[in-house]
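Presented as structure tokens, the chain that follows is alone, the form predicted alone.
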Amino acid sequence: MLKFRISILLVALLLSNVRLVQASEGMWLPLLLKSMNEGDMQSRGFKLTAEDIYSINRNSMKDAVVHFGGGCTGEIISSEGLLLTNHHCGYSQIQSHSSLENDYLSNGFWAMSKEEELPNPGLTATFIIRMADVTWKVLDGVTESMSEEERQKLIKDNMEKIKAQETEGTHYDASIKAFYYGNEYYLFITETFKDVRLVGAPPSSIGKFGFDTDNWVWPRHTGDFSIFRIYANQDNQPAEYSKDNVPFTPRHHFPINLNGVEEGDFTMVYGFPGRTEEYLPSYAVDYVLNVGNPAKIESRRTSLSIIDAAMRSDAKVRIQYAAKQSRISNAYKKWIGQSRGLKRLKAIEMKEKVEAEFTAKVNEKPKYKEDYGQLLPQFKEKYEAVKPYSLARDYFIEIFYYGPEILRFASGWNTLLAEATKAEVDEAKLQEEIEKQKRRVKGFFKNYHQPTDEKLFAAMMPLYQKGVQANLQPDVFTNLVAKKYGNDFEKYGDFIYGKTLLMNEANLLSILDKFSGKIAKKMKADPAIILTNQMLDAYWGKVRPTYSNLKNDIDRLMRTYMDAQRILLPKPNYYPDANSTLRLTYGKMEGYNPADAVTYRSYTTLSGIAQKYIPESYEFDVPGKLLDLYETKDYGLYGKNGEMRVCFIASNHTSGGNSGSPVIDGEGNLIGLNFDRTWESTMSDIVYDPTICRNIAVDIRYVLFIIDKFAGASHLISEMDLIHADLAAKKEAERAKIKAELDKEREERLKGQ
């Protein structure tokens, strides 16, 4: 049966690829561009080949694109390993180097020599060396008669063998990712560099201009970039940080187009989009729209109101909570826009229409009915069953990872306490854990403000209690919070924060200096640790097992449903969902009409920053020097026709993880730096609409303008390969000459025939 399905699938795909993709939708695997996209791309204005984008035989664009920190994208822009990414991608590194004395968030940072570049422990930059379709190897031995547990064990064993074989004798790493819900598998051979240093970042008044108000919206005027440099050992290979390391020499780096991009010009984005779910059934979309998003939005609205007020009232708190606030607010506003977009597009009805078409196809043949007839009813049953567990999981994530920090801090003591209370204590291991905990304590209190945390506790715990089904809550809620405190979490919080040993840095370090089994037993009775462990027990014991089982059932159904859709409803753009692997998307620079009587131009300029300027505003203040440059129109090489462009939009299908991705023109030059989507586009992770979905990019000329004219870091510009207008014209003339010669040669050959 498995071979039968694969054979039908291959035929369907071959038939579907006869037609070209009509819209800019799609996140395409670079490995498959030659067979699936090259012609379409060239018809839209791409002047190179798929081999220029991805090749294992020669240097190509893939060799200049990195997975930055595991969550963003970056690109190499010089032969000395200079790396460009978003300001918000480098934000936690900028914040970690900041203090009241050296406030790099407010004032920016620029290393005027390589010696001044700042190391960032734990930060990585990962290149893709090559990728390969290993579906047949991964599924070797898999049969229809296997249980799901047997299937997954065999697949895991096969994957481990493949990875070991492919990396033997090299310093490379390997990963294998499932595509189309486990119908296909691809291998990724990677090279990860661990010495990545901060080189430059504009002040937040440029890098985060507009802050939360402008986040996810257009028009945008944000200089969302930061600069790092990759260092390697003397053999140009990855190495841990060392003063002896040297700037990395890349296999490829992007030339920079100073001519810019205009309305209708071809654009492409090359990066690591995080996660999309384009093929979900209607029941899943219904949960997102009517259950999950409302709960998460309420949680983050509550936390942001407290954190924002604290940051505005205290400069130290502003630095301490800057990265935390950014992480919380980004998804918060995205979910609001996503819900609006799903409602606007009537996404549930759209999915139901696909399901009706699917059902009609299923009913055409007895074999289809036998294989796929129960899929949709089973989806309905499973999504209804998983709903309370999904909601409990959502609330747990919001409270534990984005709520009061005392919970996460308390959970980090369990390993040490367990080690210290063993029947036979390993003194060496215990001492190792004590030293680790000392470092953790110092790091925690550097960015912690107890009054803010207490307010978060009092405000967010009731949301968790109200939203999570009673039988899935921690026992302490019933046994203590309800009986003793009448479900008053402010009073319960006073008890927790007042009695815990965890809120005094000096006291904790003193305890760790004389740590013993007796102290460990006392700490196990700490009210903050008790609460935290009961919340963890409730999640891992009451929520997670059932959630995982039902989710596994749903994933199995999705694997079959995805397979069935590609067979019964063939179309040209069954691109795989994003899963943090390297993808390319392409479109063009273009504006859009988000609402009746509203038309957006495709680019913004520095004049828009001056128009938004509000002195001493948290979000819209502007550095005096930038205003001076605007007033004098001192734009250097980077302005055009008396204006300084700042951002532009294009119809490239992007997602989270594409932050920092290079935006590239038809000749392979860098023209911008992707950093966001429009608010109307945030539903594109589930449903894509080519008429309004737009990615937002910083114009590369604004990046260079800030580096050169604002920061005075012209030594960085000198590292880059800049394509000037006269050089571009020369290249175009050379291309035209070659084309004319080829045309003449073709004509003569035809005459000879």
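Start at 1 and count along the sequence shown; that's the residue number. Note that the coordinates shown come from a computational prediction; the quantities given were computed from them, not determined experimentally.
What comes next is about the form predicted together with a small molecule, which does not appear here.
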Going by a heavy atom distance of 4.5 Å, is Arg583 a contact of the small molecule in the predicted bound form?
no
When the contact criterion is heavy atoms within 4.5 Å, does Gly260 count as touching the small molecule in the predicted bound form?
no
Would Tyr231 count as a contact of the small molecule in the predicted bound form, using a 4.5 angstroms cut-off between non-hydrogen atoms?
no
Give a yes/no on whether Gly656 approaches the small molecule to within 4.5 Å in the predicted bound form, heavy atoms considered.
yes
Could you tell me which stretch in 242-250, 585-593, 519-527, 673-681 has residues with non-hydrogen atoms within 4.5 Å of the small molecule in the predicted bound form?
673-681
Tyr603, Tyr279, Tyr638, Trp216 - the one with a heavy atom within 4.5 Å of the small molecule in the predicted bound form
Trp216
With the small molecule left out of view, which of Thr500, Gln534, Gln465, Asn330 would have a heavy atom within 4.5 Å of it in the predicted bound form?
Asn330
